[in-house]
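To begin, one chain is listed below as C-alpha coordinates, in the form predicted alone.
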Amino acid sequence: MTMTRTSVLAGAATALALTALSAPALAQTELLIWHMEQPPHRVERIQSLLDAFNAANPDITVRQEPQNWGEIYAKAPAAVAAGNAPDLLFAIPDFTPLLKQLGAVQPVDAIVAMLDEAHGFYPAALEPYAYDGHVWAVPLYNMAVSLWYHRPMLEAAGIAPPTTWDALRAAAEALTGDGVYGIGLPANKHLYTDQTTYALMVNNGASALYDADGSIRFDTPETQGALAFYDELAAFSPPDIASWTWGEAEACFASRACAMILQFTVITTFETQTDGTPDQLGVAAIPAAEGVADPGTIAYANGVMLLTDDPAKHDAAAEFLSFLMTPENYGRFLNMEPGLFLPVTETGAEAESFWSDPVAVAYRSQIETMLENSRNGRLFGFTDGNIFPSIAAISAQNLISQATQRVVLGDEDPADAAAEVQEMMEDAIE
(Lines give C-alpha, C1' and ligand atoms only; values in the text may rest on other atoms or scores of the structure.)
Protein backbone atom coordinates (compact mmCIF):
# COMPACT_ATOMS: atom_id res chain seq x y z
CA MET A 1 0.00 0.00 0.00
CA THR A 2 1.43 3.35 -1.04
CA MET A 3 0.94 6.29 1.30
CA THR A 4 0.68 9.81 -0.06
CA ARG A 5 2.65 12.75 1.45
CA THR A 6 -0.63 14.10 2.78
CA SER A 7 -1.46 10.90 4.60
CA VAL A 8 2.05 10.72 6.09
CA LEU A 9 1.80 14.28 7.44
CA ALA A 10 -1.68 13.59 8.74
CA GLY A 11 -0.46 10.45 10.50
CA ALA A 12 2.46 12.37 12.03
CA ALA A 13 0.14 15.09 13.23
CA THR A 14 -2.16 12.51 14.81
CA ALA A 15 0.78 10.82 16.51
CA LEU A 16 2.05 14.13 17.84
CA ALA A 17 -1.38 14.99 19.13
CA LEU A 18 -1.69 11.66 20.91
CA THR A 19 1.81 12.06 22.35
CA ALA A 20 0.99 15.54 23.61
CA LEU A 21 -2.15 14.23 25.29
CA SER A 22 -0.33 11.38 26.98
CA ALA A 23 2.96 13.15 27.82
CA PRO A 24 3.31 14.73 31.25
CA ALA A 25 3.47 18.51 31.38
CA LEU A 26 6.91 20.07 31.56
CA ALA A 27 8.02 20.46 35.14
CA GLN A 28 8.18 24.16 35.93
CA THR A 29 11.17 25.59 37.75
CA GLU A 30 10.72 29.11 39.09
CA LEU A 31 13.56 31.47 39.93
CA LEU A 32 13.05 34.68 41.88
CA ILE A 33 15.66 37.42 41.48
CA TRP A 34 16.20 40.30 43.87
CA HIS A 35 18.26 43.21 42.64
CA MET A 36 18.75 46.83 43.65
CA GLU A 37 18.45 48.36 40.18
CA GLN A 38 15.24 50.26 40.97
CA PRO A 39 15.09 52.97 38.27
CA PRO A 40 12.16 52.10 35.98
CA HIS A 41 14.23 52.01 32.78
CA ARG A 42 16.57 49.45 34.34
CA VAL A 43 13.68 47.32 35.60
CA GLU A 44 12.13 47.46 32.13
CA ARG A 45 15.34 46.36 30.41
CA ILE A 46 15.80 43.47 32.83
CA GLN A 47 12.18 42.46 32.28
CA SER A 48 12.62 42.41 28.52
CA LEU A 49 15.51 39.97 28.94
CA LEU A 50 13.51 37.84 31.37
CA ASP A 51 10.62 37.73 28.91
CA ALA A 52 12.94 36.57 26.13
CA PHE A 53 14.50 33.89 28.32
CA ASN A 54 11.15 32.64 29.64
CA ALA A 55 9.75 32.42 26.11
CA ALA A 56 12.74 30.36 24.98
CA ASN A 57 12.66 28.12 28.06
CA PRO A 58 9.07 27.03 28.73
CA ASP A 59 10.15 24.85 31.66
CA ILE A 60 11.71 27.80 33.52
CA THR A 61 10.12 31.01 34.78
CA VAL A 62 12.35 33.79 36.08
CA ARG A 63 10.80 36.70 37.98
CA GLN A 64 12.31 39.90 39.38
CA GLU A 65 11.52 41.83 42.53
CA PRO A 66 13.49 45.10 42.73
CA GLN A 67 14.77 46.04 46.18
CA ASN A 68 16.65 49.07 47.50
CA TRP A 69 20.06 49.52 49.06
CA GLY A 70 18.64 51.27 52.09
CA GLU A 71 16.88 48.10 53.25
CA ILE A 72 18.66 45.13 51.71
CA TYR A 73 21.33 44.67 54.40
CA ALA A 74 18.55 43.98 56.90
CA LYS A 75 15.94 42.52 54.56
CA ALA A 76 18.02 39.78 52.93
CA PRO A 77 19.29 38.19 56.19
CA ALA A 78 15.76 38.35 57.58
CA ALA A 79 14.43 36.61 54.47
CA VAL A 80 17.08 33.89 54.82
CA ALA A 81 16.15 33.35 58.47
CA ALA A 82 12.44 33.18 57.58
CA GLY A 83 13.01 30.72 54.74
CA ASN A 84 11.70 33.01 52.00
CA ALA A 85 14.92 34.33 50.48
CA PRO A 86 15.12 34.84 46.71
CA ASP A 87 16.84 32.24 44.58
CA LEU A 88 19.23 34.76 43.05
CA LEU A 89 20.47 38.02 44.55
CA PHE A 90 22.46 40.65 42.67
CA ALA A 91 24.89 42.29 45.09
CA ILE A 92 28.32 43.79 45.60
CA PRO A 93 31.30 41.79 46.91
CA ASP A 94 31.17 42.92 50.53
CA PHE A 95 27.56 41.77 50.83
CA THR A 96 28.34 38.17 49.90
CA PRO A 97 30.14 37.27 53.17
CA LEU A 98 27.19 38.58 55.18
CA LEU A 99 24.87 35.93 53.74
CA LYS A 100 27.60 33.31 53.47
CA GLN A 101 27.99 33.40 57.24
CA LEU A 102 24.30 32.45 57.48
CA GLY A 103 24.88 29.39 55.29
CA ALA A 104 22.67 30.73 52.52
CA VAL A 105 25.14 31.36 49.70
CA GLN A 106 25.88 28.37 47.49
CA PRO A 107 29.19 27.79 45.63
CA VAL A 108 28.94 28.57 41.92
CA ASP A 109 32.27 27.11 40.79
CA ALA A 110 30.77 25.01 38.01
CA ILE A 111 28.69 27.87 36.60
CA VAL A 112 31.67 30.23 36.67
CA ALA A 113 33.92 27.66 35.00
CA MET A 114 31.37 27.17 32.22
CA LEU A 115 30.99 30.90 31.62
CA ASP A 116 34.72 31.55 31.88
CA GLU A 117 35.45 29.00 29.19
CA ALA A 118 32.86 30.55 26.91
CA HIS A 119 33.45 34.25 27.57
CA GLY A 120 36.67 34.81 29.53
CA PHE A 121 36.12 36.53 32.87
CA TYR A 122 38.56 39.27 33.81
CA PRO A 123 40.48 37.92 36.83
CA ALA A 124 39.89 41.12 38.82
CA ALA A 125 36.14 40.55 38.55
CA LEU A 126 36.40 37.05 40.02
CA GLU A 127 38.87 37.86 42.77
CA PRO A 128 36.41 39.43 45.29
CA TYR A 129 34.22 36.32 45.18
CA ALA A 130 36.87 33.59 45.33
CA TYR A 131 37.81 32.51 48.86
CA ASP A 132 37.43 29.60 51.28
CA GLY A 133 38.00 27.17 48.40
CA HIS A 134 35.04 28.25 46.25
CA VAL A 135 33.60 31.02 44.12
CA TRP A 136 30.55 32.50 45.83
CA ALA A 137 29.01 34.68 43.13
CA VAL A 138 28.98 34.97 39.36
CA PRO A 139 30.37 38.38 38.27
CA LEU A 140 27.89 40.31 36.16
CA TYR A 141 29.13 43.85 35.66
CA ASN A 142 31.70 46.29 36.90
CA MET A 143 31.25 49.88 38.09
CA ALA A 144 34.00 52.44 38.64
CA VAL A 145 33.83 55.96 40.06
CA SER A 146 35.24 58.77 37.93
CA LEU A 147 35.38 62.56 38.02
CA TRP A 148 32.57 63.98 35.88
CA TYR A 149 32.60 67.64 34.84
CA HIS A 150 30.84 70.15 32.63
CA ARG A 151 33.43 70.83 29.96
CA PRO A 152 32.09 74.32 28.99
CA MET A 153 32.24 75.45 32.63
CA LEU A 154 35.89 74.49 32.95
CA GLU A 155 36.78 75.93 29.57
CA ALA A 156 35.06 79.24 30.34
CA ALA A 157 37.13 79.51 33.52
CA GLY A 158 40.33 78.54 31.71
CA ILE A 159 40.65 75.36 33.79
CA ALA A 160 42.09 72.11 32.46
CA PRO A 161 40.61 68.85 33.75
CA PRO A 162 42.41 68.39 37.10
CA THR A 163 44.81 65.50 37.56
CA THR A 164 46.18 66.35 41.01
CA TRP A 165 44.62 67.19 44.36
CA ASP A 166 46.02 70.72 44.23
CA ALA A 167 44.46 71.24 40.80
CA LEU A 168 41.15 69.74 41.91
CA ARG A 169 40.98 71.98 44.99
CA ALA A 170 41.82 75.05 42.88
CA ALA A 171 39.23 74.13 40.25
CA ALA A 172 36.50 73.56 42.84
CA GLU A 173 37.21 76.96 44.39
CA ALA A 174 37.40 78.80 41.07
CA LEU A 175 34.15 77.28 39.80
CA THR A 176 32.18 78.13 42.95
CA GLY A 177 30.02 81.25 42.74
CA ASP A 178 26.90 82.74 41.14
CA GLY A 179 24.76 79.82 42.30
CA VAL A 180 27.24 77.19 41.13
CA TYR A 181 29.19 74.85 43.41
CA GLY A 182 32.58 73.73 42.22
CA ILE A 183 32.10 70.12 43.26
CA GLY A 184 29.34 68.06 44.81
CA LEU A 185 30.39 65.50 47.43
CA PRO A 186 27.99 63.61 49.71
CA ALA A 187 28.25 63.65 53.51
CA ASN A 188 25.41 61.27 54.32
CA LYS A 189 25.77 58.08 56.36
CA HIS A 190 25.39 56.11 53.16
CA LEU A 191 27.15 53.80 50.75
CA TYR A 192 27.65 56.67 48.32
CA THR A 193 29.75 58.54 50.89
CA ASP A 194 31.67 55.33 51.62
CA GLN A 195 32.48 55.19 47.91
CA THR A 196 33.55 58.78 47.39
CA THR A 197 35.61 58.78 50.58
CA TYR A 198 37.37 55.56 49.63
CA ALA A 199 38.03 56.93 46.14
CA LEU A 200 40.06 59.72 47.76
CA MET A 201 41.70 57.27 50.15
CA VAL A 202 42.91 55.20 47.17
CA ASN A 203 44.44 58.32 45.68
CA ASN A 204 46.32 59.10 48.86
CA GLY A 205 47.81 55.62 49.26
CA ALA A 206 45.19 54.29 51.71
CA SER A 207 43.50 51.61 49.65
CA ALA A 208 44.16 48.74 52.09
CA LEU A 209 41.69 48.69 54.96
CA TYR A 210 43.33 45.63 56.52
CA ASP A 211 46.84 44.52 57.35
CA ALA A 212 47.86 41.09 56.08
CA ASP A 213 46.96 39.52 59.43
CA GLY A 214 43.38 40.80 59.24
CA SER A 215 43.76 43.70 61.65
CA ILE A 216 42.15 47.01 60.72
CA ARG A 217 44.37 49.65 59.10
CA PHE A 218 42.12 52.72 58.92
CA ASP A 219 43.80 55.13 61.32
CA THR A 220 46.80 56.04 59.17
CA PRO A 221 48.31 59.34 58.01
CA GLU A 222 47.09 58.54 54.49
CA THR A 223 43.47 58.08 55.62
CA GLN A 224 43.67 61.20 57.76
CA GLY A 225 44.95 63.14 54.75
CA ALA A 226 42.09 61.89 52.59
CA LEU A 227 39.54 62.94 55.23
CA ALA A 228 41.14 66.38 55.50
CA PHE A 229 41.07 66.82 51.72
CA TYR A 230 37.44 65.69 51.60
CA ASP A 231 36.64 68.42 54.11
CA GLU A 232 38.40 71.01 51.96
CA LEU A 233 36.40 70.00 48.89
CA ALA A 234 33.13 69.87 50.83
CA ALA A 235 33.50 73.60 51.45
CA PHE A 236 32.74 74.05 47.73
CA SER A 237 29.71 71.69 47.81
CA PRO A 238 26.00 72.48 48.34
CA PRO A 239 24.74 72.92 51.91
CA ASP A 240 22.39 69.91 51.78
CA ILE A 241 25.07 67.24 51.20
CA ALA A 242 24.29 65.70 54.61
CA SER A 243 21.26 64.06 52.99
CA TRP A 244 22.74 63.21 49.60
CA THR A 245 22.63 59.85 47.88
CA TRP A 246 23.56 59.19 44.24
CA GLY A 247 20.37 60.78 42.89
CA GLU A 248 20.88 64.14 44.57
CA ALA A 249 24.42 64.37 43.22
CA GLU A 250 23.24 63.62 39.68
CA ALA A 251 20.42 66.16 39.98
CA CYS A 252 22.88 68.82 41.08
CA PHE A 253 25.11 68.01 38.13
CA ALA A 254 22.25 67.88 35.63
CA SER A 255 20.97 71.29 36.75
CA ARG A 256 24.51 72.69 36.37
CA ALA A 257 24.44 73.70 40.03
CA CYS A 258 27.46 71.40 40.45
CA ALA A 259 30.32 71.80 38.02
CA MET A 260 31.94 68.49 39.02
CA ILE A 261 30.95 65.37 40.93
CA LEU A 262 32.42 61.97 41.75
CA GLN A 263 30.04 59.34 40.44
CA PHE A 264 29.87 56.01 38.66
CA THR A 265 28.08 57.61 35.72
CA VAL A 266 25.95 60.59 34.77
CA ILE A 267 25.45 59.67 31.13
CA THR A 268 21.76 58.77 31.28
CA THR A 269 20.94 61.78 33.46
CA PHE A 270 22.95 64.12 31.24
CA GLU A 271 21.29 62.72 28.11
CA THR A 272 17.71 62.87 29.40
CA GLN A 273 17.69 65.84 31.77
CA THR A 274 19.93 68.42 30.12
CA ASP A 275 20.16 70.11 26.74
CA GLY A 276 23.88 69.43 26.59
CA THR A 277 25.59 67.57 23.79
CA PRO A 278 27.89 64.58 24.32
CA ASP A 279 31.02 66.62 23.63
CA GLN A 280 30.12 68.88 26.59
CA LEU A 281 30.26 66.01 29.10
CA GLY A 282 33.70 65.49 30.53
CA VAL A 283 35.01 62.50 32.47
CA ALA A 284 38.45 61.80 33.86
CA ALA A 285 40.30 59.62 36.33
CA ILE A 286 40.02 60.81 39.92
CA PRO A 287 42.95 63.11 40.69
CA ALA A 288 45.64 61.82 43.03
CA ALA A 289 47.68 63.41 45.78
CA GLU A 290 51.22 64.35 44.86
CA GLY A 291 53.66 61.47 45.09
CA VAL A 292 51.07 58.65 45.06
CA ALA A 293 52.62 55.87 42.99
CA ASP A 294 49.51 53.78 42.42
CA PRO A 295 46.46 56.00 41.81
CA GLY A 296 43.09 54.50 41.00
CA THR A 297 39.47 54.48 41.98
CA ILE A 298 36.84 52.43 43.72
CA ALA A 299 35.29 49.74 41.54
CA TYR A 300 32.63 47.13 42.17
CA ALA A 301 32.40 43.86 40.29
CA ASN A 302 28.73 43.24 40.95
CA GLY A 303 27.80 39.58 41.07
CA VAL A 304 24.82 37.30 41.48
CA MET A 305 24.61 34.91 44.43
CA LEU A 306 22.72 31.63 44.44
CA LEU A 307 20.70 31.27 47.64
CA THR A 308 19.00 27.93 47.08
CA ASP A 309 20.28 24.36 47.38
CA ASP A 310 17.57 22.99 45.06
CA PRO A 311 19.40 21.10 42.24
CA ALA A 312 16.70 21.96 39.70
CA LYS A 313 17.07 25.63 40.50
CA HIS A 314 20.85 25.35 40.22
CA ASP A 315 20.42 23.98 36.70
CA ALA A 316 17.88 26.67 35.85
CA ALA A 317 20.21 29.38 37.17
CA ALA A 318 23.02 28.03 34.98
CA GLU A 319 20.72 28.19 31.95
CA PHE A 320 19.63 31.72 32.75
CA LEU A 321 23.13 33.05 33.37
CA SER A 322 24.42 31.37 30.23
CA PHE A 323 21.67 33.19 28.33
CA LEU A 324 22.43 36.51 30.02
CA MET A 325 26.20 36.40 29.39
CA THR A 326 25.87 35.53 25.71
CA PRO A 327 27.23 38.61 23.89
CA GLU A 328 24.02 39.46 22.04
CA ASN A 329 22.13 39.53 25.34
CA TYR A 330 24.92 40.75 27.62
CA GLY A 331 25.31 44.07 25.82
CA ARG A 332 21.62 44.77 26.21
CA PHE A 333 21.84 43.91 29.90
CA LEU A 334 24.81 46.22 30.46
CA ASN A 335 23.18 49.04 28.55
CA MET A 336 20.22 49.28 30.87
CA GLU A 337 22.47 52.14 32.07
CA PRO A 338 25.13 52.89 29.44
CA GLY A 339 28.50 53.73 30.91
CA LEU A 340 27.59 52.59 34.40
CA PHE A 341 27.59 48.82 33.93
CA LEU A 342 30.88 47.79 32.40
CA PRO A 343 31.68 44.33 31.01
CA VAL A 344 33.50 41.74 33.11
CA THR A 345 34.23 39.36 30.23
CA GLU A 346 36.40 39.54 27.14
CA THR A 347 33.52 38.74 24.80
CA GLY A 348 31.36 41.31 26.55
CA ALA A 349 33.89 44.11 26.02
CA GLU A 350 33.84 43.36 22.30
CA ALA A 351 30.10 42.74 21.96
CA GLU A 352 28.38 44.62 19.18
CA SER A 353 25.27 44.72 21.35
CA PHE A 354 27.26 46.70 23.94
CA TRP A 355 28.71 49.31 21.59
CA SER A 356 25.72 49.66 19.25
CA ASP A 357 23.32 51.05 21.83
CA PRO A 358 22.42 54.62 20.69
CA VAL A 359 23.59 56.16 23.95
CA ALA A 360 26.79 54.11 23.87
CA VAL A 361 27.42 55.30 20.31
CA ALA A 362 26.95 58.95 21.29
CA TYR A 363 29.05 58.68 24.45
CA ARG A 364 31.61 56.15 23.31
CA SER A 365 34.60 58.26 24.34
CA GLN A 366 33.23 58.68 27.87
CA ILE A 367 32.55 54.95 28.18
CA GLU A 368 36.04 54.13 26.93
CA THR A 369 37.43 56.41 29.65
CA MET A 370 35.28 54.62 32.20
CA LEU A 371 36.63 51.28 31.04
CA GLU A 372 40.17 52.56 31.34
CA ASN A 373 39.51 53.90 34.85
CA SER A 374 37.97 50.59 35.90
CA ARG A 375 41.24 48.81 35.17
CA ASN A 376 42.72 50.67 38.14
CA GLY A 377 39.78 49.90 40.38
CA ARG A 378 39.89 48.37 43.83
CA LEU A 379 37.50 47.83 46.70
CA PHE A 380 37.92 48.20 50.45
CA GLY A 381 38.41 44.81 52.08
CA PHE A 382 39.50 43.20 48.81
CA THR A 383 42.98 44.56 48.11
CA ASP A 384 46.54 43.26 47.90
CA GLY A 385 45.30 39.74 47.22
CA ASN A 386 43.72 39.58 50.67
CA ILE A 387 40.02 39.00 51.20
CA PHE A 388 38.48 39.59 54.59
CA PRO A 389 34.80 38.60 54.83
CA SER A 390 34.44 40.71 57.98
CA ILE A 391 34.29 43.74 55.68
CA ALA A 392 30.55 43.05 55.44
CA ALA A 393 30.08 44.24 59.01
CA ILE A 394 31.94 47.46 58.23
CA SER A 395 29.99 48.09 55.04
CA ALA A 396 26.63 47.34 56.64
CA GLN A 397 27.17 50.16 59.14
CA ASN A 398 28.66 52.59 56.58
CA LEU A 399 31.57 53.18 58.93
CA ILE A 400 33.81 54.86 56.34
CA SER A 401 31.14 57.47 55.70
CA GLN A 402 30.83 58.06 59.44
CA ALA A 403 34.45 59.18 59.53
CA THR A 404 33.66 61.65 56.76
CA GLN A 405 30.61 62.92 58.61
CA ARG A 406 32.60 63.52 61.78
CA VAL A 407 35.05 65.69 59.87
CA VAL A 408 32.75 67.47 57.41
CA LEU A 409 29.65 67.91 59.56
CA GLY A 410 31.05 67.61 63.08
CA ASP A 411 34.23 69.64 62.54
CA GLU A 412 36.31 66.90 64.12
CA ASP A 413 40.01 66.71 63.52
CA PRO A 414 40.71 64.06 60.85
CA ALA A 415 43.13 62.27 63.17
CA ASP A 416 40.50 62.01 65.90
CA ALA A 417 37.83 60.85 63.44
CA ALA A 418 40.11 58.18 61.94
CA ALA A 419 41.04 56.87 65.40
CA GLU A 420 37.42 56.74 66.58
CA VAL A 421 36.17 54.99 63.45
CA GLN A 422 39.05 52.50 63.60
CA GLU A 423 37.77 51.51 67.04
CA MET A 424 34.25 51.22 65.64
CA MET A 425 35.53 48.97 62.85
CA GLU A 426 37.41 46.78 65.31
CA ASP A 427 34.28 46.43 67.43
CA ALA A 428 32.19 45.62 64.34
CA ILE A 429 34.38 42.68 63.27
CA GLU A 430 34.86 41.07 66.70
Partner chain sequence: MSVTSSPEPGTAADRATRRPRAWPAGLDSRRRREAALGYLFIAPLVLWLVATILWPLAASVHLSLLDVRLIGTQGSFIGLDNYIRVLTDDRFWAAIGRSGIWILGNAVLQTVLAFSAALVLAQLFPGVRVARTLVILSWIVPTVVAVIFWRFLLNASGGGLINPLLIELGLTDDPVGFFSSGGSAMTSLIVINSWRWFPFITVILLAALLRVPSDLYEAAAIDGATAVQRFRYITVPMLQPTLFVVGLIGTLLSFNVFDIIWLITAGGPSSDTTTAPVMIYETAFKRFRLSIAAAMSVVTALILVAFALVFIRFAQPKEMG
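Residue numbers count along the first chain shown, from 1. Only the largest set of C-alpha atoms that superpose within 1.5 Å between the two forms is called the rigid core. On a predicted model such as this, the values are computed, not experimentally measured, just so you know.
Not on display, but discussed next: the form predicted in complex with its partner chain.
**Student:** Can you work out whether its partner chain is within 4.5 angstroms of a heavy atom in all three of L98, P239 and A242 in the predicted bound form?
**Tutor:** Per the other structure, all of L98, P239 and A242 touch its partner chain.
**Student:** With the partner left out of view, is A393 within 4.5 angstroms of its partner chain in the predicted bound form by any non-hydrogen atom?
**Tutor:** Residue-level check for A393: yes, a contact with its partner chain.
**Student:** Hey, in the predicted bound form, does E248 get a heavy atom within 4.5 angstroms of its partner chain?
**Tutor:** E248: yes, in contact with its partner chain in the predicted bound form.
**Student:** Under a 4.5 Å heavy atom criterion, is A78 part of the interface with its partner chain in the predicted bound form?
**Tutor:** Yes, contact at 4.5 Å.
**Student:** Taking 4.5 angstroms as the cut-off for heavy atoms, does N188 touch its partner chain in the predicted bound form?
**Tutor:** Result yes; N188 sits at the interface with its partner chain in the predicted bound form.
**Student:** Taking its partner chain in the predicted bound form as the reference, which of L154, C252, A360, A234 has a non-hydrogen atom within 4.5 Å?
**Tutor:** After the contact test, the surviving option is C252.
**Student:** Considering non-hydrogen atoms and a 4.5 Å limit, which listed residue (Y181, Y122, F229, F323) is close to its partner chain in the predicted bound form?
**Tutor:** Selected residue: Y181.
**Student:** Go through 373-381, 360-368, 65-73, 49-57 and give me the stretch that gets within 4.5 Å of its partner chain in the predicted bound form, heavy atoms only.
**Tutor:** In short, 65-73.
**Student:** Classify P358 as shifted (yes) or not shifted (no) between the shown form and the other one, where shifted means its C-alpha moves by 2 Å or more with the rigid core superposed.
**Tutor:** Comparing forms between the shown form and the other one, the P358 CA shifts below 2 Å.
**Student:** Could you check whether the CA atom of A76 moves 2 Å or more between the shown form and the other one, using the rigid core for the fit?
**Tutor:** It does, since the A76 C-alpha is displaced 2 Å or more between the shown form and the other one after the core fit.
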